[in-house]
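Given as structure tokens, the chain that follows is alone and in the form predicted alone.
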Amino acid sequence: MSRYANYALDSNSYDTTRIPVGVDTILACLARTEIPLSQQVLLEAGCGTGNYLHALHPYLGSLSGIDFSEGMLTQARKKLDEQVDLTCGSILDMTFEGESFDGITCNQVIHHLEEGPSAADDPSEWKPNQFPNVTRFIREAWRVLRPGGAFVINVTTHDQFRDGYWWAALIPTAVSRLIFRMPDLDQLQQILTEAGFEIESATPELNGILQGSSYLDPEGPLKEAWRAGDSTWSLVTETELASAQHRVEQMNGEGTMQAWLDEREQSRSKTGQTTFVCGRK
């Protein structure tokens, strides 16, 4: 139920530029549950095209996924066998019975839940977000998770949004629009704690790159399919996109792009692109 990205359209090319990172971190959190991994029933909230479900499937007893986009679920069904139960619906009001799952994971989703400035808006003119939908989702996760279960949220912190992606410096206003839509790490942990979760860990993933081998494409911003791999690009104005593309073309033409990428990679290596927060019920 993204408030700004068109996943009915982007689902067709999403898997060409996105991979699951931090799978070992998710499994480590789930493994601290008393129930063995091979017997656990797992839910992925906002499962998208099923990349994480596919990666986790060999280790878990039973898996389910829920996503608001039928287009994304169509792609998920192509890669997952019938043993994975996929539901089209909102993670803010899930139809599952209470205490149905031993573990829940949510990967790169919560920045899609809130209203916020669109490409036409100046983010500085918006009042601070209180994150009612993130709070509602986390309470839903508490409801459907069994006592002792793990809730693993994969998020990008505000600093990671700014410094973990080489192209973020090309579209800083769009990044600000996106940051408005999600809590930073301390705010997220507070919401989890208020819902009843005990925070076990908050682990930055310093090596994983969400866009995989396509990430460092020096001409990536010029390609629509490449931009579809990260929803931040859906928050740029036509003018902002044209400016970013002009700068990319200029750096490629002048031969300075590799130096730019190297500098931005130094920033990414220090912050990472994602952080995994593990809460325990």
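In this text, all values refer to a predicted model and were calculated from it rather than measured experimentally. The first residue of the shown sequence is 1; numbering continues from there.
Same protein, other form: the form predicted together with a small molecule, not shown, and the subject of what follows.
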Seminar exercise, completed: Heavy atom within 4.5 Å of the small molecule in the predicted complex, from candidates I138, L178, I153, M72, belongs to M72
Exercise. Of these, A168, V144, L113, I191, which has a heavy atom no more than 4.5 Å from the small molecule in the predicted complex?
Worked result: L113
Exercise. Taking heavy atoms only, is T157 within 4.5 angstroms of the small molecule in the predicted complex?
Worked result: no
For this session: Indicate whether the small molecule has at least one heavy atom within 4.5 Å of a heavy atom of F68 in the predicted complex.
Result: yes
Exercise. Using 4.5 Å between non-hydrogen atoms, is Y52 touching the small molecule in the predicted complex?
Worked result: yes
For this session: Answer with yes or no whether Q211 is in contact with the small molecule in the predicted complex, where contact means some heavy atom within 4.5 Å.
Result: no
For this session: Select, from the options 198-206, 89-97, 183-191, 122-130, the stretch whose residues sit within 4.5 angstroms of the small molecule in the predicted complex by heavy atom distance.
Result: 89-97
